[in-house]
Structure formats: structure tokens, C-alpha cells
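Just the one chain here, laid out as C-alpha cells, in the form predicted alone.
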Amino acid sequence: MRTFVHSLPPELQAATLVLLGLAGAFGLYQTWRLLDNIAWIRAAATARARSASQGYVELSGQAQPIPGPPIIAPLSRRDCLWYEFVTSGFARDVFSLIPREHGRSESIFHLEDCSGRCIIDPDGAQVFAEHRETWFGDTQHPEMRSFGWKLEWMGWLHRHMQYREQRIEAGDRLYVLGEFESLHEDNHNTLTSETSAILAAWKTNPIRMRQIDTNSDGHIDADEWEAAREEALNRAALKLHAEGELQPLHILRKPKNPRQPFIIAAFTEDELLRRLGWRTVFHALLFIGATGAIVLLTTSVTI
């Protein structure tokens, strides 16, 4: 009696089982995470931007820009409120393999509903954007095409660079689940500028930077910088309020509780739940399939 996996070449036996194990573990983790997100979404009550209670809430409305310089998506060069992009492949204009490049906007924008508006800080959010595009080219940075981006995929066989981009644009429907907090601000540019000025001053102050480095490892990690950024925002709001420049301001951002998901979606709640449901089914099938394949490969059969 020998198992089927033992009939494979020795170098493939361990690799096959490891890959199937990783696929199964990934499918199980994603299934659990998606089910947890669905549970949080179903449990949250929809609030209004003007009257939401402080804490973990969901808001629905439209995406609107905050006054200031326009945000330009770096690949499509289109005006937007938020973007994320990925590029990779071989660029002929520089004759080299371009490693995977990833970029993501951190600019704030408004969610506006019938009661008012709320600032959305997308840092750390799971984003499900309506505008998603994938196309191909030859250059490190994509060139504009007169026939439109949607047709670019037709040249994928002889083009070696891949560009992927998703965007939230003005007027898009928004569903947001996160931590709601009321500050005070009348001019959003003033608050943003003041926050940036505080952070810039801290960067030039070695004593302050050592205080931000809470674990004293000589490196400011993402969590430490996020805590500093939040402190700077609060200090800026208090300073401007003391100067009489602030009115009530509402902001929704990443929850302090790591178990609570922070979600921004350009869909209705029902559409978001439907999409998450399909993703859950896919990853559950991946887990079941990988587990079944492992059992099949390691089950004794007569050779």
C-alpha cells in the first residue's frame, strides 16, 4: 500500500502538500475575516452625519471633495477623491524589470448625506471602489491613449507592463463603517495645514521624535506614526478652536479597536453584503478544496 503522494517525485511531494496547506490556510483565514466583517456590518445601525453618536457607526451618502488642490490618480491622471494603484512588469523605455510598485492616497474627503457632511480619513481602510481598471503597456508610467483605457487589455500578449488602479470620484455613492468623532473646524484646509505644520515641526525635533518612538528601537513604525498623527490632528483642532476659527466638525476614521473593521465602499450596504457573501463562498470553497486535495493525496491507495 502506498499513498498517491508517495508516487510523485520526491522533490514534488513536500512542495505539493505545503502549497495545498497554504491555500487551505489562506482560504480559512479569509472566510473567517469576511464573515466577521459581515457580522459587524449587519450589527451596525445607520446614522446621520450631523447627529451620529460618538463611536463605531455606519454612514451612507455621497463622496464630495474638500476645498483645496485637486487629487490626481497617478496612472489614469484623472481627478478623484481617493486612489490606489499597482504596477509591475518589464518596461521597455528603461529596459529593466520594474518591481511591484504600490501607491495609495491618504487625502481626506467628505461624505455628504441629507443631514450634513462628515470628513472621511481613509488611512487604514478596506476600500471597495466603483472605478476599477486594469490595462497593459510598455512603459514604466502609462501613456494616454486616444481610444480609451478599457481597450488596453487587448494588447496584453505583447505588452509587458501591467497597471491596475481603483478610484473614488466625486459624486460616488458611499457606505462607510468606522469610528465617528466630533471635532471643531470651519475651514478644512486650515485644520489640514495646521496638522501638517505640527508634524513637520516634530520631525525636526529629536526629543519629540524619541517620544514618538515609544518602543525605543530607533525607528518610527506605522502604529507609532499613526498615534502621532492623531495627536497632531487633535492639537491642531484645539489650537484653532482656541483662536475662534472652528465650528463643529465630524470625522470618521479607523477604529481604535483592532477587531472592528474600517470599511469604505462605493456601494449600498446591500450590494456590499452581496459582494462580501460571494467572496466568502469563494474562499470557503478554496479551503474545502485544498483540504480535500490533501486528504486525497495522503489517503492510502493500491498501486
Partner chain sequence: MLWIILLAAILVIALYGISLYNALVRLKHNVSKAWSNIDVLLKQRHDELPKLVEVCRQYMGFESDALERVIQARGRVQSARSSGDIPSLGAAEGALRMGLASLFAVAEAYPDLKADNGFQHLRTRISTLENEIADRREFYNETVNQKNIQIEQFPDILIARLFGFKPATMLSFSTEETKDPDLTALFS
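In this text, rigid core is short for the largest set of C-alphas that superpose within 1.5 Å between two forms. Residue numbers count along the first chain shown, from 1. Here the structure is a predicted model, which is why all the values come from computation and not from measurement.
Keep in mind that the form predicted in complex with its partner chain is not shown, yet the notes after this line are about it.
Enquirer: Any chance residue 36 has a heavy atom within 4.5 Å of its partner chain in the predicted complex?
Expert: Because a heavy atom of residue 36 falls inside 4.5 Å of its partner chain in the predicted complex, the answer is yes.
Enquirer: Residue 295 versus its partner chain, in the predicted complex: is there a non-hydrogen atom within 4.5 Å?
Expert: Residue 295 belongs to the contact set for its partner chain.
Enquirer: So, in the predicted complex, is residue 42 in contact with its partner chain at a 4.5 angstroms heavy atom limit?
Expert: Yes.
Enquirer: Given that the partner is absent here, does residue 291 sit within 4.5 Å of its partner chain in the predicted complex, heavy atoms only?
Expert: Yes - in the predicted complex, heavy atoms of residue 291 and its partner chain come within 4.5 Å of each other.
Enquirer: 251, 276, 28, 66: which sits within 4.5 Å of its partner chain in the predicted complex by any heavy atom?
Expert: Looking at 251, 276, 28, 66 one by one, just 28 meets the 4.5 Å heavy-atom criterion.
Enquirer: Checking residue 108 here: with the core superposed, does its CA move 2 Å or more between this form and the one not shown?
Expert: Comparing the forms between this form and the one not shown, which are aligned on their rigid core, residue 108 does not shift its C-alpha by 2 Å or more.
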